[in-house]
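Read on for two forms of one protein chain; each stands alone as structure tokens, with the labels structure 1 and structure 2.
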Structure 1
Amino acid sequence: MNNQPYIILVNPQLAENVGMTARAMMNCGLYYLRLVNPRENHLSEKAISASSNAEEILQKAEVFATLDEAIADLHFVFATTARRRDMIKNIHTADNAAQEVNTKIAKNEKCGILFGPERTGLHNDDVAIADAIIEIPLNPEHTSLNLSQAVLLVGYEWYKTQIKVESKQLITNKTEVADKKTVTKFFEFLESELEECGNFKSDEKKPRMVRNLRNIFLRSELTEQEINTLYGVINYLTNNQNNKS
């Protein structure tokens, strides 16, 4: 766990929000929590309950009287804020900041991310002490976030750098995606049945209709089970139509 930043809550007001922050941290594999002059007990029943089984983070949280003390052993500190201050600072998106954190940790530098109190956010003096700012682009008409929401958004961007997850995948359960031979055989069967029932009334339009039908099915990545189901449906409809005739 030495490859992660410290989450630092400056003057948090409500124990529940500290508990929910611990929950958000554990969601993202973050375990280092520091609290600067919290108003309520972070180990209270309210905080433990709100953590939803992430009380391990609360129990190991470090408490400091001042922000200077909380960041004294760190090498680089980010401040999260939605308000542009009259300061010259590098502003990072959360995903860019995550990469920056990893780069610095790889050089054995300890990093921290500051989050302000629920009502006001970080004060100017808190931001001034930080090396850079993390800004999360949101609707400019309403950029306010709950404390744990802010931690979750920033934490998630960092967590994504620690795992390898496919951006898209098809869950096939007990079947498999059908190979092209199986799919082509189904197309030929479908087109034969449509021909037989007189669906292709115009030889001129038939090729285009066939292409459209194939494109409809190809977009869905048919599995073997789905093709067998379609065979059954088509056979049922065909037999039902023949019985009526």
Structure 2
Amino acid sequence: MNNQPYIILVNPQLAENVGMTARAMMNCGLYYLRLVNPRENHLSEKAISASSNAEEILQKAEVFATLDEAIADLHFVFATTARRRDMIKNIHTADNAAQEVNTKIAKNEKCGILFGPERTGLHNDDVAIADAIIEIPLNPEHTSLNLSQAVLLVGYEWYKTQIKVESKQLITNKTEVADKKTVTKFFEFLESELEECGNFKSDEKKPRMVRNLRNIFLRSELTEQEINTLYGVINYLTNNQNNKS
């Protein structure tokens, strides 16, 4: 069972835009493309070149003469539209629609998402066919997106539901964040070097200065490699100091 929504382009005008849509789909891990009555050949050189390594999606794309045929085997269909229509329908944000798609798919219901032709967007009759609308939240004074960008935003929201990424993470590559024993040992080394060169002007000021210095380095979550780098830096600086004096 396919676990993805079908991306359905209704009357796309330019092969290049179909190619760019395939590229945007691949960015988002979406592979199922349906075309309703495309004006140009979606396997033209232009289309394939615009797809930038997503030719596979173009090759597997299904072409239909009418929208009714393109959605016949689906169970739930979203229409994307930037302008409000005089229709009583549920409107979802792109992220909410992505959740809905997953809920349907989990029940073995196939979902499709309709995108209209480049200049005009979906015809009212095509919007009417859909179960619900996706409205991408954008600056109301400038909602015009090109076709592939609309697919990219909707696809991006869907892709985000498929993965688990830490919203913030420290990449440490081959080294690792040092444990507290290692960090404390480094602090003590630094402080003894500073003591020796007379940096702590008075015993009274020392505790505060030690805390301030420790805070600078603690915010960095130092790795083992970085602590070694800092040992080297301090040794070099103190040797320099010795050489100068």
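Numbering for residues begins at 1 and runs along the sequence of structure 1. Throughout, rigid core stands for the largest set of C-alpha atoms superposing within 1.5 Å between the two forms. Everything quoted here is computed from the prediction, not taken from an experiment.
Undergrad: Specify the structure that is the form predicted in complex with another copy of the chain; exactly one of the two qualifies.
TA: Structure 2.
Undergrad: When C-alpha atoms are superposed, by how many degrees is the smaller rigid part rotated relative to the larger between the two structures?
TA: So the smaller part swings through 14 degrees relative to the larger one.
Undergrad: For V177, what C-alpha shift in Å is seen between the two structures once the core is overlaid?
TA: Here V177 registers a C-alpha shift of 3.9 Å.
Undergrad: Fit the two forms on their core, then tell me the C-alpha shift of E188 between the two structures in angstrom.
TA: Between its two positions, the C-alpha of E188 lies 7.9 Å apart after core fitting.
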